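A single chain comes next, written as structure tokens; it is the form predicted alone.
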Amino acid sequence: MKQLVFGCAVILCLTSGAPIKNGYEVGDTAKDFKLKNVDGKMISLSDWKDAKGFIVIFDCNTCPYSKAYNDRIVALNEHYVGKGFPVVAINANDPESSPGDSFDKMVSYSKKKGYAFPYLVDESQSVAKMYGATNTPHVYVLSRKANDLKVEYVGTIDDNARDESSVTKKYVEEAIDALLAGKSVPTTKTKAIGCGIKWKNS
């Protein structure tokens, strides 16, 4: 019964929202942005002067996939923030379409989950469109090259959203480990698996 409920919720998520076809590809230079964090402060990637790169994740409160990946996202930040690759999570869902993704709900959710990383609201959805994000979660691994941020990996976190114990490929971890070792990223792009971002009707 639990699997059936999960499956039905996933179908609803995957079929909502309109996909954005434009956005960053591997090798592109990512632009900085400024968005409001759950603590009320405005955050930019340039705030991290010593960062070697970033794990930018378009996420939300409500998607079953996001919930399944939540502990793994927390673990990614715990493992890599000290190595210069912090997680920066962004919620671009339209709260009118998804009331559970309102800013107040984001604040509550981040406190409940004990987020030690920024959880930013993309109210205009301009950052999600700039990146080309389509799903939650949707990951972009960036590395700092001089004054630029290069897109090194785009896609999903690993190869099993539903069951962490069955994961055989940890794409994000492999990408960052390679970058830290000065090597090429072994897999640069995968299909983002998750709920469609809830776009505004405009």
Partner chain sequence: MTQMLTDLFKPNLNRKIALAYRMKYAFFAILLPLGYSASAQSGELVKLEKLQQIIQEEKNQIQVINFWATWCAPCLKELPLFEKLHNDRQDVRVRLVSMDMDLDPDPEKVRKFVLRKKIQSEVLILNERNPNAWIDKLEKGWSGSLPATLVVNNKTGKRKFVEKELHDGDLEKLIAGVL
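Since the structure is predicted, the reported quantities are computational estimates derived from the model, not experimental observations. Positions refer to the first chain, counted from 1.
A second form of this protein, the form predicted in complex with the partner chain, is not displayed here; the remarks below concern that form.
Novice: Check 160, 190 and 193: does every one of them have a heavy atom within 4.5 Å of the partner chain in the model of the complex?
Specialist: Every residue of the spot touches the partner chain in the model of the complex.
Novice: Using 4.5 Å between non-hydrogen atoms, is residue 68 touching the partner chain in the model of the complex?
Specialist: Contact with the partner chain, yes.
Novice: Test of understanding: in the model of the complex, would residue 143 fall inside 4.5 Å of the partner chain by heavy atoms?
Specialist: Heavy-atom contact with the partner chain at 4.5 Å: absent for residue 143.
Novice: Though only this chain appears here, would residue 53 touch the partner chain in the model of the complex if you measure heavy atom gaps against 4.5 Å?
Specialist: Flag for residue 53 set to no.
Novice: Would you please decide whether residue 156 lies within 4.5 angstroms of the partner chain in the model of the complex, comparing each non-hydrogen atom pair?
Specialist: Residue 156 belongs to the contact set for the partner chain.
Novice: Please name which of the stretches 99 to 107, 80 to 88, 127 to 135, 113 to 121 has residues with heavy atoms lying within 4.5 Å of the partner chain in the model of the complex.
Specialist: Partner-contacting stretch among the options: 127 to 135.
Novice: Using a 4.5 Å cut-off on heavy atoms, which residues of 34 to 64 contact the partner chain in the model of the complex?
Specialist: Stretch hits: a single one, 64.
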